[in-house]
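In structure tokens, one chain follows: the form predicted alone.
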């Protein structure tokens, strides 16, 4: 059967290799969730296998794979350990800014380090003052006497905060008159002025090490700018948002597929000693799993169209990007909710793993851009209004 994302033989092999790695990753998933433990071993295995450089250019030693392969790989990871998938998605999204940057000094060496699995990066856009409106930073960059820059910021909930080697961060350019006049820059985790300001103890994705980061009088050299001053919004909307939407949509699909698999197994195996029937013999439960499967397939089909459109973008591509993330987040909530209902008390306990899927699925709903934002953006696009 052809892959739903229309990927070639190389991509199919990479997805198959991810599935093999995911078998090991899954063995740690319960511990990662229960202890809110960062999946360091899993990330190390992905790095050693070249998956941190999945979408890095081949000339830098990466695998040069397109969004469709990224989606297929993330689906496999999310079925095994959603926290690992979240860390991975943020890394790939952030590293795409390195690929797109025309201003970053030492760019080629950094691309090689990412491709070799020696550099983990992440996004640091949202701020305490802008909350989920990630495109509108309140922090500002100022010019130093030596021609460099300095900035302060209270970044909120940075994935991999304690483990990433770098943060792809945003701020308003010097003398900006609007938050949309932003600049993207690279901040090293161990730089003077960078401090992790908390820890994560959340409902879902408990191992993703999402924590606030305080940036105080951080010196930013000209060569650490990932965009020219004031052009950060373009990088956010044209590079980061499409890759983030694909990655998080694929995460949602991975959760859906895992929930379907767990529900199938339970309905086939559990039953009633009184008459020997199985749960699958109940038509209401069969209807629920049918709906779960259909909703997942619909959303995956939309993401497939989107990833192929990204290879040759048109005016419609941004709309599909937004819709694919929105559809997947809504599908993940609906499908995991149906799994809980179909499996009843067994799902409410921990031994099926469905309650974790249910919790993890809810993280995407509140992650910027939230579903509320996505609905507004899609509605504005469909009625001819600008996004902002």
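Every value quoted in this text rests on a predicted model; they were computed, and no experiment measured them. Numbering follows the first chain given and starts at 1.
Below, we turn to the form predicted together with a small molecule, even though it does not appear here.
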item	value
123, 131 and 208 each touching the small molecule in the model of the complex (heavy atom, 4.5 Å)	yes
The small molecule contact at residue 363 in the model of the complex, heavy atom, 4.5 Å	yes
Heavy atom of residue 149 within 4.5 Å of the small molecule in the model of the complex	no
Exercise: residue 13 in contact with the small molecule in the model of the complex, heavy atom 4.5 Å	no
In the model of the complex, residue 306 touching the small molecule (heavy atom, 4.5 Å)	no
Listed residue that, although the small molecule is not shown, lies within 4.5 Å of it in the model of the complex (heavy atoms), from 97, 159, 183, 79	159
Options 314 to 322, 98 to 106, 200 to 208, 225 to 233; stretch whose heavy atom lies within 4.5 Å of the small molecule in the model of the complex	200 to 208
